[in-house]
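Quick setup: one chain, the form predicted alone, written in structure tokens, and binding and motion questions come after.
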């Protein structure tokens, strides 16, 4: 379109960010500005790299996203396989390639540039203030901050930008030997090289009115430490392209709504997430180890003392205990009802030796930065909330589609560059 955007990234370039992230996983050194959530490529870089979505896409913008990914180095098979995925290591090089393309077209990346404030005059964006005090004057800002930018949410709330609390889900990661899932899903053909590692998608509607479902299932993957704030433990899952690690993992999460939040404030969902992440940190020993419990012990309501079967993949380490301290009672009750129901669908799912690692809280943004039909904030002209942090996407593909829409809205408002 001829525009030359300035991309302000609070974290570091993707390769340095990868080193920072592995430093946390291996040595418990958490950098609040460069981690699984923050840095070039966003939270999706450390994930299974799933490239499919259930969004309505009548203009086939998802196809545009996939084609751009292939141009950046993704395997061409993502254009035709039913459930395309890439994996973390391939995503790293692709992110670098896309940066080179943006820069060749006149775009500019500024790493280590956290936006600490937005200047708003009479309901119109007039600039952004960086952490070092520098000010960039502008009349239009695309706000694509991700679902974990809690300090940014707080700043926007102070500035009076219209936001509303939204539902999300909480729970824990479950791990099984991948062979158990393969046998249940593929039967005698389990292990066939053409089939690869089996996946699953499960949902159960509970007697207490809650819904429990599997989220971000990672065949042949690992559970990862996804904290972005000191003194809190968060889990997530990721896979490499090969999906050949020993375990399958997925989040088993329970849907919650603003009615479950501690109060009616806009940021009450953030407070709820932080509360349970802090409880998980303490339950894990206050060292960034994650609290874990065998499924059999969880169902029997007794602490776990010894790993059997599925060896936990989370690093730095899993501290065996009870996870009841890490989740609200209604979520625990729902999970205890759902796991045997899931076992009836996938034999072995509720096996005693499967392991739960807590806590999963970042399934989606706890707020929506609401926008109108022109893509702008309802009460702040020139502010274009986009992607998962704004509450308008739920993964790599849908975030890419929403980014295209944001770019089109800016072009419609301001004309050719």
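Just so you know, these numbers come straight off a predicted model, no measurement behind them. Positions refer to the first chain, counted from 1.
In what follows, reference is made to the form predicted together with a small molecule, a form of this protein that is not presented.
Judged against the small molecule in the predicted bound form with a 4.5 angstroms heavy atom cut-off, the residues 10, 47 and 237 are in contact without exception.
Contact with the small molecule in the predicted bound form, judged as any non-hydrogen atom within 4.5 angstroms, is confined among 137-145, 286-294, 179-187, 73-81 to 137-145. Comment: the small molecule is not present in this chain, but in the predicted bound form one of 202, 332, 216, 95 has a heavy atom within 4.5 Å of it, namely 216. For the residues 152, 169, 313, 321, the 4.5 Å heavy atom test against the small molecule in the predicted bound form is passed only by 152. Residue contact with the small molecule in the predicted bound form: residue 42 places a heavy atom within 4.5 Å of it. Proximity of residue 369 to the small molecule in the predicted bound form: non-hydrogen atoms within 4.5 Å are absent; the residue sits far from the partner.
Using a 4.5 angstroms threshold between heavy atoms, residue 37 counts as touching the small molecule in the predicted bound form. Using a 4.5 angstroms limit between non-hydrogen atoms, residue 115 touches the small molecule in the predicted bound form.
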